[in-house]
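So this first bit is one chain, no partners, the form predicted alone, shown in structure tokens.
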Amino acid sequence: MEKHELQSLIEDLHGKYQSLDEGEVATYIPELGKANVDDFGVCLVTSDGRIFETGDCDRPFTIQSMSKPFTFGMAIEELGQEKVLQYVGVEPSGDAFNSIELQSGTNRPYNPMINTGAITVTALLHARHGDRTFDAVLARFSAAAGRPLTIDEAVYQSECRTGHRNRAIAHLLLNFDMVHQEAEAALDVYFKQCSILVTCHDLAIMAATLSNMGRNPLTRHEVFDIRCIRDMLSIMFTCGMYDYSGQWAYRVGVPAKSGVSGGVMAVVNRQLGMAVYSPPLDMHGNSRRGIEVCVELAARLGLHAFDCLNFGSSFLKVVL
């Protein structure tokens, strides 16, 4: 049986970038510094449930900042857009993901994809769910991945021990009434959500769930209300790749989110979820190999939303 064109493509890209040895693993969370720099997986999941993968797609790693679009979606769905946007904006910050800075005048975080905004969103969920917040988050993430997910206890404890900057952020937010009085409890949920274990395979399914308008393409379970998907993808498009987001929009042109554990997930609306895992990071905190693979996939498949030559993923439609 002839190999599918997408499978051949990702195998070619995996082979091409396997030898790329630029970047450094994250060490500000000590447990992340133990990652194997040679780990490298690429996985694509279509909106109708077909899976193409190569490399280390079953190697577990923590989801880190790639959790942020999903908790934002939960907050929009459960609390409503108007309520959430009272506490967090939607503007790119142009600053590092852990910058301690709020919008002038409103004192809101710039957007929910940086730590100030993500902690605010988790605090909104905590104000609603209390002690059951992490269970609700884990259940939703598990539904998006199509299997029960668990937490990496060692990474969680490492984040708790060394997360002084995030504690400073939480207390700054508390000072401006952007989070409720149980800021420390909400921050603990944030540490836990970042410590959820996923694989590249899981991450591609989660991205495909967003691509499929909130319905997991494998289990057919409706994970997110279709009405909040637009908000999730919009903020991923403009703010999802830290202070590289403008370059990403220019070079790749699809909604995406990265994490300092080395994962990158991207969404081709109504067609495809993509994930790459490779721990060495560039200066912005994005996977070095992950960026290159996604740039080339976008170019080869015409994924860019404004690609006039390929008319917005028309080549991908032919391949699929």
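Remember, predicted model here, so these are calculated numbers, not experimental data. From 1 onward, residues are counted along the sequence shown.
There is also a form predicted in complex with glutamic acid; it is not shown, and the following applies to it.
Undergrad: Look up in the predicted complex whether residue 242 has a non-hydrogen atom within 4.5 angstroms of glutamic acid, and give yes or no.
TA: Yes - in the predicted complex, heavy atoms of residue 242 and glutamic acid come within 4.5 Å of each other.
Undergrad: Does residue 190 reach glutamic acid in the predicted complex if we count a contact as any heavy atom within 4.5 Å?
TA: Residue 190: yes, in contact with glutamic acid in the predicted complex.
Undergrad: Quick check on residue 293: any heavy atom within 4.5 Å of glutamic acid in the predicted complex?
TA: Looking in the predicted complex, residue contacts with glutamic acid do not include residue 293, since no heavy atom lies within 4.5 Å.
Undergrad: Classify residue 198 as contacting or not contacting glutamic acid in the predicted complex by the rule of any non-hydrogen atom within 4.5 angstroms, answering yes or no.
TA: Answer no; every heavy atom of residue 198 is more than 4.5 Å from glutamic acid in the predicted complex.
Undergrad: Taking glutamic acid in the predicted complex, would 29, 166 and 260 all count as contacting it (heavy atom within 4.5 Å)?
TA: Answer is yes for this spot.
Undergrad: The chain here is shown without glutamic acid. Which stretch in 35 to 43, 63 to 71, 265 to 273, 50 to 58 comes within 4.5 angstroms of it in the predicted complex, by heavy atom distance?
TA: Comparing against glutamic acid in the predicted complex, the contact stretch is 63 to 71.
Undergrad: Just one of 203, 194, 173, 235 has a heavy atom within 4.5 Å of glutamic acid in the predicted complex. Which one?
TA: None of the others qualify; the residue that does is 194.
Undergrad: Tell me, which of 158, 93, 115, 216 has a heavy atom within 4.5 angstroms of glutamic acid in the predicted complex?
TA: Of 158, 93, 115, 216, the residue with a heavy atom within 4.5 Å of glutamic acid in the predicted complex is 115.
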